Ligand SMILES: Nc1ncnc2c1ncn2[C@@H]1O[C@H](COP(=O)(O)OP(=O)(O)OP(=O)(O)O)[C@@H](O)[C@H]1O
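Given next, in C-alpha cells, is a single chain: the form predicted alone.
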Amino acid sequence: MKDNLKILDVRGLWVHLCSGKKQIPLLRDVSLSLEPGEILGVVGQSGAGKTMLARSLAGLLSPPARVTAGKIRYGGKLLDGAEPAAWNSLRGRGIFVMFQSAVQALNPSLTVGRQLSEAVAVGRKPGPGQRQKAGPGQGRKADVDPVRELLGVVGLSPDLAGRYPFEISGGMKQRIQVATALALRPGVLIADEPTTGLDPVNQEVILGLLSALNRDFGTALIFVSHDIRAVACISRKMLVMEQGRVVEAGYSDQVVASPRSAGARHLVDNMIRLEEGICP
C-alpha cells in the first residue's frame, strides 16, 4: 500500500518526558498505519503507553512530554513539528479524540445542545479526510433540528439538549461524544478507552455506534483499550503495547488465538470468555 493511500502513517515515533538533562522514554519506536475506513485496535495494560500514543497522534502532548523522533503523516502531510495552528485546523474534522473521561471532553458551562450545535456548524464546512456523504445533523431536511436528530441517532432523548454535562450519566456523556463525532465526520477517530467504567449495556451501545460511524461514513478508527476482547470484537487488526513499545502486531483473531508476546498472553489469559465467543 502506497503511503499516499494511508490516511495516517506513523514511523519510528519516540516521545520523552524531558526535564532538565533527563529524558525518560514514554513511547519507544512506535510505528503504525491506517487506511481510510480501517479500524485498528491498540491494546495493553495500564501504563503501557496507549493514552500517550493517542495524545501524540492528535498533537495533544503537554510539556514536559514531547515528540523527540519519528514522523507522523496525515493524508500524506508531514505533521512533525507542526505549528499549533496547523494542529488546531486538523483536530475535529481531521482527527477527533474521544476521551476515556467524557467529563474532560465536554464543557461544563455549556448545555449539551449548545455544544452539539457548535459541532454541527463546524461539520458543515469542508474538512481534511472527510467523505462528502451527509450524516445526521447535516441539515438534509430543512425542518429537522440537527441537534435533536443527533441525540436520537445515539439513543438519547431530545430533552437532553437543554441539560448540562453534570446533570447526565457517564454513559450519556459518552454517547454525546459519539454524536459530536457524527456531526464532524472526521477522517480519523481515536477512541481512548471509550467503554471503561460503563455497564455492559452501554458498552455494547458505544461499540455499535463506533462501528456504525466507521461503516456508514468511512471514518478510520483507532480503538484504544485494555480489554483485548472488546478490541478483537471491533477491529480486524491490533497492536499490543507494553512499556511504551509495540510488542505484537497482527490480525485480531490470530493474536487472541495464538498470542506470541508475554503482554498479549497475559491479556488473553485474563479475558472473560463467554460461551458465545469473542463478541457479545
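On a predicted model such as this, the values are computed, not experimentally measured, just so you know. Heads up: residue numbers just count along the shown sequence, starting at 1.
The same protein also exists as the form predicted in complex with this ligand; that form is not shown, yet it is the one meant from here on.
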Within a 4.5 Å heavy atom cut-off, is Cys233 in contact with this ligand in the predicted complex? no
Taking this ligand as it sits in the predicted complex, is Ala48 in contact with it (heavy atom to heavy atom, 4.5 Å or less)? yes
Just to confirm, Leu17 within 4.5 Å of this ligand in the predicted complex by heavy atoms? yes
Evaluate Leu32 for contact with this ligand in the predicted complex, applying a 4.5 angstroms cut-off between non-hydrogen atoms, and reply yes or no. no
Taking this ligand in the predicted complex as the reference, which of Gln203, Ser117, Gln100, Thr111 has a non-hydrogen atom within 4.5 Å? Gln100
Quick check on this chain: which one of Val247, Leu60, Leu213, Met52 has a heavy atom within 4.5 Å of this ligand in the predicted complex? Met52
Partner-facing stretch of 215-223, 40-48, 247-255, 66-74, counted where any non-hydrogen atom is within 4.5 angstroms of this ligand in the predicted complex: 40-48
